[in-house]
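Form predicted on its own, single chain, as structure tokens, below.
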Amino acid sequence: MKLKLDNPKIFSEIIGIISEMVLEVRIKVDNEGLSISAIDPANVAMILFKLPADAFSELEVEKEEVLGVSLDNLKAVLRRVKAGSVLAMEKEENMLKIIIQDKIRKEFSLALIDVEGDEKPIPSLNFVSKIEMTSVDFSEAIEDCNVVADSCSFVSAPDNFVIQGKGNLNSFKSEFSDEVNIQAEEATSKYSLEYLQKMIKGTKLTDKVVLNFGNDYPLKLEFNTPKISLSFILAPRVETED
């Protein structure tokens, strides 16, 4: 297996984002490209990442390879990537060789690991609301909610979308209508801001974000470009009575 990225900065950024939620992942490489699917240790969030074959300047793989890696180790190596660097990765027995080529050729070898736990299937979800909005507006609304609360609610109607947070004493509400593309029914669902603050780092990858949700239903956030697909699935926060 050998692959090469002429512009590896985005890959480095995505690994950094994923590493905030999981410590170890299985990276799959086949003729269609590279992909990661992982669930955080609390089973609250799922991460789905795909880098298609045409994103690589070189991709050689005889059969599907599954690479178990420590994200802390991989992230530390990818931090050495600079603007203009070329990144190559090769599997050699139980090692992953990473070559960073700029003015100087740098070669790192990371031990491949066995990632514990069975791989979870991607859930089949039917959403009633789909909102497309600018990444900046979405990120700002999440940060505003975090000022007053530890969770926020998404509230949709056919012609309206609201992000709101409510703490013990204080509250915040951001209402969108003309600024977003709404394909929605009436629905309300609440989500953890701790997770959303990690996920909104995906807004640096693209100008648009797509939100899919329902009534007390999982959220799917999509940050997609022609070259990458990064999605998060987040379980709703359901209030329980004592």
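The model shown is predicted, which means the values in this text are computed figures rather than measured ones. We number the residues from 1 along the sequence you see.
Omitted from view is the form predicted together with a further copy of the same chain, to which the following refers.
*Asks:* Please tell me which of Val115, Leu71, Val162, Leu110 lies within 4.5 Å of a further copy of the same chain in the predicted bound form, judged by heavy atoms.
*Replies:* Comparing distances to a further copy of the same chain in the predicted bound form, the residue within 4.5 Å is Leu110.
*Asks:* Note which of Glu90, Glu140, Glu132, Asp150 lies within 4.5 Å of a further copy of the same chain in the predicted bound form, where distance is taken over heavy atoms; exactly one does.
*Replies:* Of the listed residues, the single hit is Glu140.
*Asks:* Using a 4.5 Å heavy atom cut-off, which of 22-30, 170-178, 58-66, 36-44 contacts a further copy of the same chain in the predicted bound form?
*Replies:* Every other range fails; the passing one is 170-178.
*Asks:* Can you work out whether Lys106 and a further copy of the same chain are in contact in the predicted bound form, taking contact to mean some heavy atom pair no more than 4.5 Å apart?
*Replies:* Yes, contact at 4.5 Å.
*Asks:* Examine Val128 and determine whether its closest non-hydrogen atom to a further copy of the same chain in the predicted bound form is within 4.5 angstroms.
*Replies:* Output for Val128 is no: heavy atoms all beyond 4.5 Å of a further copy of the same chain.
*Asks:* Taking any heavy atom pair closer than or equal to 4.5 Å as contact, tell me whether Arg80 reaches a further copy of the same chain in the predicted bound form.
*Replies:* Output for Arg80 is yes: heavy atoms within 4.5 Å of a further copy of the same chain.
*Asks:* Is the gap between Ala76 and a further copy of the same chain in the predicted bound form 4.5 Å or less for some heavy atom pair?
*Replies:* Because a heavy atom of Ala76 falls inside 4.5 Å of a further copy of the same chain in the predicted bound form, the answer is yes.
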